[in-house]
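Here we start with a single chain on its own, the form predicted alone, put down as structure tokens.
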Amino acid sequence: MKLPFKRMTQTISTLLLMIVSGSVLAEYKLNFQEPVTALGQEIFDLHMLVFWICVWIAVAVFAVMFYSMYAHRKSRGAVSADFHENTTVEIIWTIVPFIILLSVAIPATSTLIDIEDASDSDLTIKVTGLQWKWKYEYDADGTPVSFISSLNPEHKLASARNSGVDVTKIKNYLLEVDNMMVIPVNKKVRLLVTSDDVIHSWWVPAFATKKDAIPGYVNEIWTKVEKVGIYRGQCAELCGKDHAFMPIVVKVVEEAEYNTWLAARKVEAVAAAAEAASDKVWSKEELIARGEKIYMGKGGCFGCHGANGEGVAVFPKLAGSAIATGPAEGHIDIVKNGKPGTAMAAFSSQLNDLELASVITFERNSWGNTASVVQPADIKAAR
């Protein structure tokens, strides 16, 4: 019995040291994140109101209970009362809870109404959940601007088993993305949330904003951030293999900076659409170079198939595989349409023709694979 007791005392000592440590206390938080929206502050205030009501109810109940146990104990000769009913007591224990419920219901109803009121918004953004990334779509004066936001590739590689990377030294580990969502400060932003595959949930704690992304259904939320900065969240619905690797990063900027960013994205979108729609025949080297960036970034293919095409866990390898070395039609079909019943998603709505051709060509000509080149025209013909 000595050994377990020794371990127990060591554990208690360690916990005590952690509690008194200033650095630990600085990170030890029991409440919500500091809200940066008026709605978030309203929800926080409601939370604290209910919390303190519960605290005072507990104090009152336990005070009466402990007093009764002490003042009416058997050693003092107390004799229990014998009565069947008491109208006064019944009236009190009906009225008091009713008043408590009203004190909570009135502000709660007001807050719920505010949560659902997305009217008079200054900007609308469509948010689509994908396994396992987010797609954001803006309307820049009639020109659609969309991009995929995925986990930072360095973080994904570091998370791999036997990566040799000390993740404790990575800042904001698993909470960085390659493309941040950008919104203007002090503007009401309406978010239309949906999904292309399974149920996800878009959640940014500092905004007090959370809504499920459901396939075939569009949910609506809104936010109005009052403080410039970068805010982080995560998918809050268990959505599959990489649920833990699906962060949300929102950059809130001044309106002028936002307008400049959106204008630049608009130019990029127009150029990308024109490039993808052109009849240019790309060289093998150009397609492979583009495809590698998509494989390791926007497409996120390396998350399942490995950085070197060797496969990850139960997910198949591409190096020497029948798909990557076989007929191009089969490779195009599975990348474009996915594979039902598996984690292989359809990329037809995520990547344009040039991007699809590039990543497929990269997969067919890397890690020892030597297969045909796929051109954007081949993708267009298969659509």
Partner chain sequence: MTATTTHDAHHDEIPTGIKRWLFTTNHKDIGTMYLWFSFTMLLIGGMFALVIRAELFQPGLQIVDPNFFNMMTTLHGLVMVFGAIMPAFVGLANWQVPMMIGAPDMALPRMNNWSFWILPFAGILLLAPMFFGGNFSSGQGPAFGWTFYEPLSGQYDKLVFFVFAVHLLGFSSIMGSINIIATILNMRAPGMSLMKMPMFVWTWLITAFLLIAVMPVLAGVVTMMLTDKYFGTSFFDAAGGGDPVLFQHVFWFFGHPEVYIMILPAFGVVSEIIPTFARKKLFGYASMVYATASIAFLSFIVWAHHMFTVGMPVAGELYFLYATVLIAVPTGVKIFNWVSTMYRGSMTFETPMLWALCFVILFTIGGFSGLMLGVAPADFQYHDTYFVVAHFHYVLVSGSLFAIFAAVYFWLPKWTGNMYNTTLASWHFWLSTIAMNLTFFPMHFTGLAGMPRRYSDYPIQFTEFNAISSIGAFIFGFSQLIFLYLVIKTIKGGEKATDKVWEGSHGLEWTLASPAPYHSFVTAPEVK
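Think of the rigid core as the biggest set of C-alphas that the two forms share within 1.5 Å after superposition. Positions refer to the first chain, counted from 1. Since this is a predicted model, take the numbers as computed values, not measurements.
The protein also exists as the form predicted in complex with its partner chain; that form is not presented, and the subsequent description refers to it.
In the model of the complex, its partner chain stays beyond 4.5 Å of every heavy atom belonging to Leu191. In the model of the complex, its partner chain sits within 4.5 Å of a heavy atom of Gln33. Residue contact check for Tyr173: one or more of its heavy atoms lie within 4.5 Å of its partner chain in the model of the complex. Remark: Gly216 counts among the residues lining its partner chain in the model of the complex, judged by a heavy atom distance of 4.5 Å or less. Comparing 265-273, 291-299, 223-231, 115-123 against its partner chain in the model of the complex, the single stretch with non-hydrogen atoms within 4.5 angstroms of it is 115-123. The partner is absent here, but in the model of the complex a heavy atom of Ala343, alone among Ala343, Ala319, Ala346, Ile323, sits within 4.5 Å of its partner chain. The listed set Ala313, Ala277, Ala256, Val281 contains one residue whose heavy atoms approach its partner chain in the model of the complex to within 4.5 Å, identified as Ala313.
Taking a 4.5 Å heavy atom cutoff to its partner chain in the model of the complex, none of the residues in 350-382 make contact. With the core held fixed, Val267 shows a CA shift below 2 Å between this form and the one not shown. Superposed on the core, the two forms barely differ at Val182: its CA moves less than 2 Å between this form and the one not shown.
Core-superposed comparison between this form and the one not shown: the CA of Pro97 exceeds or equals a 2 Å shift.
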